[in-house]
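Heads up, the chain below is alone and in the form predicted alone; it's given as structure tokens.
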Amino acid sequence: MTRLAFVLPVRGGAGSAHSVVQEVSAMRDLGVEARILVNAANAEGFRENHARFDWVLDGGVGVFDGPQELGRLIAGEGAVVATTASSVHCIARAAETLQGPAFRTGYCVQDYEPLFHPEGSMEQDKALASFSLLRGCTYIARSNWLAEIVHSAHGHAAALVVPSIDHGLFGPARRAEGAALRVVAMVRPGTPRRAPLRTLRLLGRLAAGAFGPVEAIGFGASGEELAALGMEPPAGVTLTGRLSQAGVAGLLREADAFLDLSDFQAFGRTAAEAMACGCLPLAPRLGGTVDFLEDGVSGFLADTSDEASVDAALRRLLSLSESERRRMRLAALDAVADFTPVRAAISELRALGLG
């Protein structure tokens, strides 16, 4: 039986972790002995955040505390896959503790982490080093943008795999006729590349009527969290705080538009999830979103660093007629319909030489 482990040392609950969990779940349904290995500090939070998957609570998650324990966990695997830069370092240290036949290694590059840190910092050096630690490693990426960066910056060919959306959660729903236009946006105050201040300013302008009568909603942080970080919650904007994956899906199903004003998106998961709900996205032109979002056809793209570009795209979105909106919603739904966990799992197994 095919055995593989994904090393994922995070609490989970965010987009990249959801990708790994739903794809491992699909692999298990396909008869693959796949599991996730989490470091001890994050294990409890990980299980809480992904408890809706029975296998997460029933032996499908291994816990390690240091390289010796991780080495014991991965010793019998056919393949071990890193999912973050830190997990590459974990696998490399664990491999040094082992003797005997080596397992094959993979690196599921979910974002280009050297861009997360200041130039020349220790954190950036560690992220850069993650691309040279695993010999014979198979690199996989969910967007052309990521694959091209890995190749140009490090000389590694990265296999392009199918991204996944949990269509059991993210799907369209009938909305009441005549309802006010509702715009939702992701507010991530602890992640500068997600442009929280830029997003809050635009939500405030929406609530103030700068784009016509619109209901403006932000998710990902509460007003109290923003105030504690010195960020002024804009007047008239509803802030939902942090939501579960199901909560995000429910919000997107009831919205007309989703705004992602990030500097870039390696894949653009929430935009794709919005499209699966029939909610039209406005997303950054820089990054992987261009793989599945066609500007003016299934959503809108903008240079998110340029307020005029964002404003122009948003005015186009909010001025759509009912027939234009319906046509674009259908195009959005169609564009991401094949992003299923099963197709993603199959593409990853093939890329890793296991299928």
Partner chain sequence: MQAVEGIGDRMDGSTETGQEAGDGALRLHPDPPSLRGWARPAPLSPDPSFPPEIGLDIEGLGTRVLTARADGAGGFVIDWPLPATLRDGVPREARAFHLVTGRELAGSPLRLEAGSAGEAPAPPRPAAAAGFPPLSRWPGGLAGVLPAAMAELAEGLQGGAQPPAATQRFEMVPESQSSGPGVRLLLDAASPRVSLLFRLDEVPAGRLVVTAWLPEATEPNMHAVLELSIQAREGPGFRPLRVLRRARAFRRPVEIPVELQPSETGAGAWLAVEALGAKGLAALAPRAAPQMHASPRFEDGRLEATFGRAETFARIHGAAPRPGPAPDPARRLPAGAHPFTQVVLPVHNGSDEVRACLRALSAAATGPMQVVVVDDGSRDLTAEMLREEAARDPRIVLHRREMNRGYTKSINEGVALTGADWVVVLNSDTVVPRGWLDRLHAAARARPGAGMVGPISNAASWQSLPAVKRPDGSWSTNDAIRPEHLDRVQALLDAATERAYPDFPLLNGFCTLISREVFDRVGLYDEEAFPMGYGEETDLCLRARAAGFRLVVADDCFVFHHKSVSFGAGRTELTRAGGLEMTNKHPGVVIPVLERMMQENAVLGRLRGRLAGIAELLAEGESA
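Positions refer to the first chain, counted from 1. Model, not experiment: these values are computed from the prediction.
Form predicted in complex with the partner chain: not shown, discussed below.
The partner chain is not drawn, but in the predicted bound form it has a heavy atom within 4.5 Å of His89. Taking the partner from the other structure, the partner chain in the predicted bound form has no heavy atom within 4.5 Å of any heavy atom of Val63. Proximity of Asp263 to the partner chain in the predicted bound form falls within the 4.5 Å heavy atom cutoff. A residue is said to contact a partner when one of its heavy atoms sits within 4.5 Å of a partner heavy atom; Phe267 fails this definition for the partner chain in the predicted bound form, lying far away. Here the chain stands alone, but in the predicted bound form its contact with the partner chain, taken as any heavy atom within 4.5 Å, falls in 128 to 136 among 165 to 173, 268 to 276, 240 to 248, 128 to 136. Three-residue candidate spot Phe116, Gly155 and Arg193; every residue lies within 4.5 angstroms of the partner chain in the predicted bound form by at least one non-hydrogen atom. Residue Met122 is the only one of Met122, Ala179, Ala235, Ala228 with a heavy atom lying within 4.5 Å of the partner chain in the predicted bound form. Note on the partner interface in the predicted bound form: the residue among Leu57, Leu286, Ala41, Leu330 having a heavy atom within 4.5 angstroms of the partner chain is Leu286.
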